[in-house]
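This document starts with one chain, in the form predicted on its own, laid out as structure tokens.
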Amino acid sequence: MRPTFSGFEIVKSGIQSAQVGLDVTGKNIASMGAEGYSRRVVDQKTVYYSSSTYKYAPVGGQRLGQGVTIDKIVQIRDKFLDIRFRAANSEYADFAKKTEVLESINDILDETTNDGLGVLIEEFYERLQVLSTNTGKIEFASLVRSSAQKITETVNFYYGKLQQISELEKVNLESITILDINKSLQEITELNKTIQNEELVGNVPNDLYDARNLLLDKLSKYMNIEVGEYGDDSPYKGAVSVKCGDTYLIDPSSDYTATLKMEEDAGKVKIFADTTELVFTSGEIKGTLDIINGEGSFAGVEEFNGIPYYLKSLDNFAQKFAEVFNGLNGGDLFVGNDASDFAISDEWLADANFLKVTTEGSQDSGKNDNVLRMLYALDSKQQITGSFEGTFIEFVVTLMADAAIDKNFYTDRASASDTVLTTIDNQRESVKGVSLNEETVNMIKYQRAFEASARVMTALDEMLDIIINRMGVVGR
């Protein structure tokens, strides 16, 4: 006769397995709205014993086994999709950051809705024309001076607003972004240690895996990262390393966690991991650094047209404008070393007739040869920067076009990157996300399995009652 209580053990394992399945299904349903949650599945396997591992195993005949056991509860994730998501997330953050700041730059320089520098230069030209036919009259000379002053104030305004954006981006980078990154790196390091300890005693800490993956996703927004995992035979199994380019940010093998910091060197903002300068290929930090460091054509190499490009362009405009008109006037109409302090001179401010209308006699002689030279200078091509030769109006139009073209270009790239990111995220969610329909099916499946196992237990109990209480009663 077969061992009677063996059936009870088999059925008990079925009941316990179904209970765990229901618990996991319940957790999936309860957590389906939680950020970063990966659905869990029960990894079941049959219990089999052989004579080589269990001395009481039957030899020969049919071996029924000992039912089912829970091997582990695993989270469902696709590591390849995680890698693709983080790369796409980093790329999108780079373009989105550039788009955000370029929109602000474009709003400052755009003259399609507001009168800006280009309109003021045209006004200056028109008032010089009027003065050319009204030389010696103080009221017309004052109008020219007023137009010139508006030009200097507008250049100052552009310069100040661009510097303000740059300073705000630096503050945001140092006070918010870098602090957030350092906090995330510390949290990942702590999770590494906790996960290692849990795995060492045979646990599968899925909730900790989710927390760490969420931090890695967050980190990928800021920079390009490479996540490394250790194999089962490694003493660091369970931990992950994190690199940015060739530099480790987290290295469990040497118990190293980097601390990021921002430094300015020769007018350039740089990010260091302790003493090592980081090189970014994508991410929000790259977008920010391009914005606050990019000198465009002024760099001598191909660089992004960041705020320094527009500041240097305004500097060159102010210097060339002052050089041309101061030279024609034979005395300083404009002063200042760059666009930030570009202004009309005290002499011109005190006397509108400080602008010389002629070089061939007195100011009230009726001659206008010098005003005509100034008008010609405004119509003539000037070497304003190393890469631009044209009129002052053309330079302003080109500068506005640069801002508009860059904004549209990076807006399109951000939109395309967002589409790619959304597609990958949807693919990832289709793997790791919780489906209410699927979990409902699982709930019914485990419920029916529990009921069936319980019914078998009842049947076995009835059989045992017959064996104990009803068999062998003949002759009593």
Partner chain sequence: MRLTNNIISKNYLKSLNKSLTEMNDMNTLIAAKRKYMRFSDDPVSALRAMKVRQNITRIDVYTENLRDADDIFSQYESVISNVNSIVSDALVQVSQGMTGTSDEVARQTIAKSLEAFQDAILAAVNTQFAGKYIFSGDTVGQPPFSIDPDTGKLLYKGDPVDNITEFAEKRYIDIGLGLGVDEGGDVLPKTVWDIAVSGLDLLGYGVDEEGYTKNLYNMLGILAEKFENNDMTDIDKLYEKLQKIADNVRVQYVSVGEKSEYIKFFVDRLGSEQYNLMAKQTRLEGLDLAEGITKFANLELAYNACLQIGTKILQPSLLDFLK
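Residue numbers count along the first chain shown, from 1. Source: prediction; values computed, not measured.
The same protein also exists as the form predicted in complex with the partner chain; that form is not shown, yet it is the one meant from here on.
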Worksheet item: Any chance A30 has a heavy atom within 4.5 Å of the partner chain in the model of the complex?
Response: no
Worksheet item: Can any non-hydrogen atom of V47 be found within 4.5 angstroms of the partner chain in the model of the complex?
Response: no
Fill in: Touches the partner chain in the model of the complex: N203 (any heavy atom, 4.5 Å)
no
Practice prompt. With heavy atoms only and a cut-off of 4.5 Å, decide whether K137 touches the partner chain in the model of the complex.
Written response: yes
Fill in: Heavy atom contact within 4.5 Å of the partner chain in the model of the complex, the stretch among 308-316, 265-273, 238-246, 112-120
112-120
Worksheet entry | Listed residue that, although the partner chain is not shown, lies within 4.5 Å of it in the model of the complex (heavy atoms), from L208, M400, A96, L214 | M400
Practice prompt. With the partner chain left out of view, choose which of D255, E389, E198, E103 has a non-hydrogen atom within 4.5 angstroms of it in the model of the complex.
Written response: E103
Response to the item:
Those residues of 435-450 with a non-hydrogen atom no more than 4.5 Å from the partner chain in the model of the complex are S435, L436, N437, E438, T440, V441, M443, I444
